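Heads up, the chain below is alone and in the form predicted on its own; it's given as structure tokens.
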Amino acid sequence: MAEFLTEAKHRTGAQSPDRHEAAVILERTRASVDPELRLAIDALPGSMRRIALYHFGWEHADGTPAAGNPGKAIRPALVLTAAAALGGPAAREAALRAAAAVELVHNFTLLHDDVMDRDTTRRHRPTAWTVFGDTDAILAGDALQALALGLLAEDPHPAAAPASARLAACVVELCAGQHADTAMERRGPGDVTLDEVLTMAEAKTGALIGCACAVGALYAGAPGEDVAALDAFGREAGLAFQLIDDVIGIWGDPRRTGKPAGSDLAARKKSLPVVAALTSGTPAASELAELYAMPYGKEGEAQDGEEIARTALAVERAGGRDWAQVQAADRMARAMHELSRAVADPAEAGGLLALLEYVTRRST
């Protein structure tokens, strides 16, 4: 265990010689999984296929080919890397269809989230609902979820059935997390606790990342305790990811994130740094609560930028940014501990550690 953590800390340090390993894994994953995704999407009816291809960045809104930006492929990379860590190259190859299924579920959630959150950009282009309308975007998301479960139902691998059951249960948890998230937005600034928002974040983000790792373990033929450890690893990594993502959502550069600056603050979302700030008991927390109690843009469009900056500063002064960064590091350490339970050899765990570094060392 001590050797594992020493190697893990080395790998996830700022000067790690393996800092580009995750990029290689993600590129290889896209090359392996994209053909599976395209094959599945091509089976959709024309109207649904057009929206899905647009969402993945493979077509423009008019149906002409696009260069494509289908996302980073973190979740399918975790499926394949977990399978390889516990079962070798053969397990990785066997898990390709499952990796595609997990990516389809992830994109189903993105299509629905964009509608519910009214986000207008994703991956540096207009979101599907702004182009095709709410109804069509929701139906396309539903179709992607059905495709995901169909891929596993048709997979002859013995792990396909338990993987399908796990993925279906994960979707229910995702929906519960999204429901909790939207319900929190209707509550007052002082009515949401840190425990509630952490539970919500685990359901919305940690559940699918944990599921991805567990599915990879299933395809490697791993015993139940190792599958559980990989699921726990992914959940902790997912919480670290969400903490950093929430920080980026407030202070990130739109040129890098592809989203408007401060969009979470404008929507008065109860993100992790915001709730930490609201519950800090500081004078800045009171100021933030007053800002969050008012509709965004109340003072006029010309001052919207100033209002976002003032709100972000209140979150920071109340300790929300520092808390989120400390929590992300803590969750990362917990993730490494869970990983060491299933993969004792740091060399075999290297790919998963590299992906952990990738999701928790992103820059704003």
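Everything numeric here is computed off the predicted structure, so don't read it as measured data. Residues carry their position along the shown sequence, with the first being 1.
One more form of this protein should be noted, the form predicted together with another copy of the chain, which is absent from this view; the next part is about it.
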(Q) Using a 4.5 Å heavy atom cut-off, which residue among G221, P254, P126, G150 comes into contact with another copy of the chain in the model of the complex? (A) G150
Q. Taking another copy of the chain in the model of the complex as the reference, which of I308, A328, M48, L26 has a non-hydrogen atom within 4.5 Å?
A. M48
Q. Is E154 close enough to another copy of the chain in the model of the complex to count, meaning some heavy atom within 4.5 Å?
A. yes
Q: Answer yes if any heavy atom of V172 is within 4.5 Å of a heavy atom of another copy of the chain in the model of the complex; otherwise answer no.
A: yes
Q. Just to confirm, F108 within 4.5 Å of another copy of the chain in the model of the complex by heavy atoms?
A. yes
Q | Distance check, A143 to another copy of the chain in the model of the complex, heavy atom within 4.5 Å | A | yes
Q) Okay, which stretch from 191 to 199, 222 to 230, 134 to 142, 263 to 271 lines another copy of the chain in the model of the complex, with non-hydrogen atoms inside 4.5 Å? A) 134 to 142
Q. Every residue in T205, A285 and R317 with a non-hydrogen atom within 4.5 Å of another copy of the chain in the model of the complex?
A. no
Q. Going by heavy atoms, what in 174 to 196 lies within 4.5 angstroms of another copy of the chain in the model of the complex?
A. C175, A176, Q178, H179, T182
